[in-house]
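Listed next as structure tokens is one chain, alone, in the form predicted alone.
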Amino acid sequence: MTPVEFLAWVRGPMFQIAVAIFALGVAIRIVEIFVLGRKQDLSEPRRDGVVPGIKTIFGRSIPDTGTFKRSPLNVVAGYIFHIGLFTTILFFVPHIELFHSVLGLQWPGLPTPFIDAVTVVTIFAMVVILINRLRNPVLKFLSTFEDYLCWLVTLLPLLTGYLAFHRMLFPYQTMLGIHILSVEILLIVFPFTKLMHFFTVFLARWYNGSAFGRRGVQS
């Protein structure tokens, strides 16, 4: 397969397969959560649970003082990684054009040099997170193959995208094809691993906050 054929394949059939698996997988996982259901709470509510649920979604995004004191490096690197990842995905102009072609949505992008710098910082933060996981006895003991797989499939799109943009390692068409393929692998793996927390974390936080709020307890 020539570089041109490889690029056409990852942009065409493989992209469609990956998006289909991602969309179907995410939908099934979310439906599973709601189908499980919960026992009806027959106690008299002390207050409405909607507002506490919403507060918990945002409140749990801020680390408590104890967590930050115990592992400041991990907390800071984690925030840098998440913010950097979503910045590169959502505000790199070629990515915006892709969203526009697929979803019909478009928004202003950020300057390319800024996105380039953010990508480097994000990759560095991910490496710091991995090193901390390997050096921390508790984190290392609790880590499974899935944790490292999630880290790898998240890192590869950033790394290959950076290499493709700077015309490094392989010819541009080949490197771009590898970058697109790495994104497709991420999409395929996403619904079946802990990466799914991108969606479920908000559902879980709202449910816990709402349940505690109904009982008049702060979550």
Partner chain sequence: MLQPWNKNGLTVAERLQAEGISRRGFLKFCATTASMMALSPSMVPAIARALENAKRPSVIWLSFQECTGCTESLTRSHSPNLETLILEQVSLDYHHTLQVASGEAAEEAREAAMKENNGRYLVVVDGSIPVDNGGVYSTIAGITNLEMLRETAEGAAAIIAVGTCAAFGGIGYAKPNPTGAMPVSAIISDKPVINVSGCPPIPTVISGVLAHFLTFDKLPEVDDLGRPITFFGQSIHDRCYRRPFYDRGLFAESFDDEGAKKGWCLYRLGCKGPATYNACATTKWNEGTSFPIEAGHPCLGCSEPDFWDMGGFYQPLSTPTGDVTRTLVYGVVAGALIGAAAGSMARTRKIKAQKEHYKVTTDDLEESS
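Numbering follows the first chain given and starts at 1. The model shown is predicted, which means the values in this text are computed figures rather than measured ones.
Absent from the display: the form predicted in complex with the partner chain. The rest refers to it.
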| query | finding |
| --- | --- |
| Residue 151: touches the partner chain in the model of the complex, heavy atom cutoff 4.5 angstroms | no |
| Proximity of residue 96 to the partner chain in the model of the complex, heavy atoms at 4.5 Å | yes |
| 4.5 angstroms heavy atom contact with the partner chain in the model of the complex for residue 181 | no |
| Residue 165 within 4.5 Å of the partner chain in the model of the complex, heavy atoms | yes |
| Any residue of 1-17 that, in the model of the complex, places a heavy atom within 4.5 Å of the partner chain | 2, 4, 5, 7, 8, 11, 12, 15, 16 |
